[in-house]
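Have a look below at one chain only, the form predicted on its own, in structure tokens format.
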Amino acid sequence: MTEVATQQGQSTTGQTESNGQQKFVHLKIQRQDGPETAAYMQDFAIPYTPGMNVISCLMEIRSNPVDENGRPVTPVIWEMNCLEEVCGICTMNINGKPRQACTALVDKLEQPIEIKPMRTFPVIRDLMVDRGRMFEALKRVKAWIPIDGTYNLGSGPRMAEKDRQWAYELSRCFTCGACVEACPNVNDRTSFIGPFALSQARLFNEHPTGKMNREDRLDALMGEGGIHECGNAQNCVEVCPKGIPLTTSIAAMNRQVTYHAMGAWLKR
């Protein structure tokens, strides 16, 4: 457990030590006032309470927006929703690693805790980013089950149990962006769609109903930003909070795309 810093005279809330000193959490947060403005760092000292996570620290700054020296500042902007690692929108770089702020416990983090927005996505303000490129990638690979019409089509074909088990693991992706952030092939110089999209293409290509769009997905992965731009760095599987076997999916899709390309060539 990381030792929490102490400081006197800044707050009457939080936990105190036996010597009467107030315990504080120290944070260094990268701020940015807008998409076109320069980024800058601000230091904060937050009263410590047991069980705090990074979201708790940001909420404390919001309720009392002053920096480490007690000077008033604008509250830090970030996104949150579920607070239980389900929605994925609170992903940010915490001590150099992309992860969810809701499950980043202060007691397990080295201080000062450095918090920055994900570099892969355009910054809207402070820690809030535009993850639109992820959802555009899902559109490209048709990551959904197509339904023709609004009437009830019934339950549809069932997946074999052995297929359902591994498909469930892929379905746990919640578009948090951690894999995209960690991937060195996703940057402003490339159009690589990212590991999550390749894994979702595999999921729906093997679905009994989703198979009807299999060739469309493979065609998309053969185009610009497709699977050929993956450098196999394997950073994605290291940071995925759900433990999704992304590299296994990438290998499977590489095989599918290769056979699809060979088939298209032989049909000429």
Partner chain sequence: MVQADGHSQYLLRRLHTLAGVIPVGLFLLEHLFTNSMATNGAAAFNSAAATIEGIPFLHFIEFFFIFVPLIYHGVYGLYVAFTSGYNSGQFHWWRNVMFILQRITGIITFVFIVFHLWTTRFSGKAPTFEMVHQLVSNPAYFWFMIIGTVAATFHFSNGLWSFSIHWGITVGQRAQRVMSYVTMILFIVLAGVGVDALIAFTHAAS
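Numbering follows the first chain given and starts at 1. As the structure is a computational prediction, the values presented were derived from the model and not from experiment.
One more form of this protein, predicted in complex with its partner chain, exists but is not displayed; see below.
Enquirer: Among 181 to 189, 168 to 176, 154 to 162, 123 to 131, which stretch has residues whose heavy atoms lie within 4.5 Å of its partner chain in the predicted complex?
Expert: Careful reading of the contacts points to 181 to 189.
Enquirer: Going by heavy atom distances of 4.5 angstroms or less, which of D33, E206, D43, E238 would be at the interface with its partner chain in the predicted complex?
Expert: Looking at the other structure, the residue within range turns out to be E238.
Enquirer: Consider P65 of the chain shown here, and say whether it contacts its partner chain in the predicted complex, taking contact as heavy atoms within 4.5 Å.
Expert: Although its partner chain is absent here, P65 would stay clear of it in the predicted complex, with no heavy atoms inside 4.5 Å.
Enquirer: Using 4.5 Å between non-hydrogen atoms, is G149 touching its partner chain in the predicted complex?
Expert: Residue-level check for G149: no, no contact with its partner chain.
Enquirer: May I ask you to check whether G96 falls inside a 4.5 Å heavy atom distance of its partner chain in the predicted complex?
Expert: Yes.
Enquirer: Indicate whether N232 is a 4.5 Å heavy atom neighbour of its partner chain in the predicted complex.
Expert: Result yes; N232 sits at the interface with its partner chain in the predicted complex.
Enquirer: Heavy atom within 4.5 Å of its partner chain in the predicted complex: which residues of 207 to 232 qualify?
Expert: Sequence-ordered list: D219, M222, G223, E224, I227, H228, E229, C230, G231, N232.
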